[in-house]
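Only one chain is given next, in structure tokens, and it is the form predicted alone.
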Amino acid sequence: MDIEQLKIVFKEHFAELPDAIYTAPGRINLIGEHTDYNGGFVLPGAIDKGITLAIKATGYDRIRVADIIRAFSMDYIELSDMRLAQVEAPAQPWAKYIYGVVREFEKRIERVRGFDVVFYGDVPLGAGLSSSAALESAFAFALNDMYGYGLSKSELAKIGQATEHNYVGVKCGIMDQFASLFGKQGNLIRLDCRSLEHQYVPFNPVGYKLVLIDSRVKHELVNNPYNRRRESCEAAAAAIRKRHPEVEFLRDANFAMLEEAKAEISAEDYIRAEFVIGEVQRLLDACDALVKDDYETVGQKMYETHAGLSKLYEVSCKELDFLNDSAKKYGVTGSRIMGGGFGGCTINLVKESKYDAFIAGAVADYKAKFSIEPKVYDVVISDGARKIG
């Protein structure tokens, strides 16, 4: 859908044309998994798929009621009317994100004004590309720009994160919103999850493509495996801290420190920490390689990450391991699980000359093995939230 079509849909619902068009993207994370809650680094990038909205300010109109938000989702074909003063969140799950963003703005500024909005998305749902962060970032950026609230992008990212925490019930980190807002074409973002300092790392893979293979499975998780892994990391860091008080997170430790504490922690805690310490260094090595346009080394680090996530952190599954093995079989430069694990996608760095054979072979092999046809998503690193019309 182009901007003109979006304007037509807006006028059909609200009998006027919108004031402006905004968009915010989903994201990938090239490397750096389960490092965020260990104070480490991540390496996300905004992609060419996101949420686009047409919006009109109504807060200045004295004829109409100015404290109403009227939002139409083209994806769900639903309209939600929200009063700014209402206490309870709206019933529609998608509308809770808009409600949460508005509420978080009101904690930071005097008053949010009403608006009409129509929006749609082309971020594949369930693929781990953060469609929810794209939605939060699109609305936060649009309100901030349209009404001139003057909040920084960092504050807008925190608004998106707080929306997840307080109105959706997901205790996420800030990487997804940060990438959606700070994305820059041709660059990934090395984000320090402890300080929120960031720097752009060039990503210009001439002769390569970045593609996700969606396993289309998500295994049921019992007994909070993510919490258990976090507890393992905290236990290992605490044991190391006894000898090295400067170690706040595992991000601050090295393998020698971990070895010193080996007798004081469980075998499970040890291998979890072994993965995290290795992953922090792999990310830094990948950043160095990207600066040199050394994508073969980047690919090697991706494979090492998958092996660690599978064998040490134990968050893979047979489907994801099969896709990773397929990538090796078809000569893919780099491949790994993207996201928390137990299902979802692999992210693959593929030479263009091997792309067609890889996609055809991997899809056919996977379907033959699991009787499910995986989905394929090509992604291009793009700009973050912005006004486009």
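Just so it is clear, the structure is predicted and the values come from calculations on it, not from any experiment. Don't overthink the numbering: it's just position in the shown sequence, from 1.
What comes next is about the form predicted together with a small molecule, which does not appear here.
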property	result
Three-residue site Glu33, Tyr37 and Gly173 fully in contact with the small molecule in the predicted bound form at 4.5 Å by heavy atom	yes
Interface residue in the predicted bound form among Tyr226, Tyr149, Phe255, Tyr76, criterion: non-hydrogen atom within 4.5 angstroms of the small molecule	Tyr226
Proximity of Gly339 to the small molecule in the predicted bound form, heavy atoms at 4.5 Å	yes
Candidate stretches 49-57, 350-358, 25-33, 327-335 - the one whose heavy atoms come within 4.5 Å of the small molecule in the predicted bound form	25-33
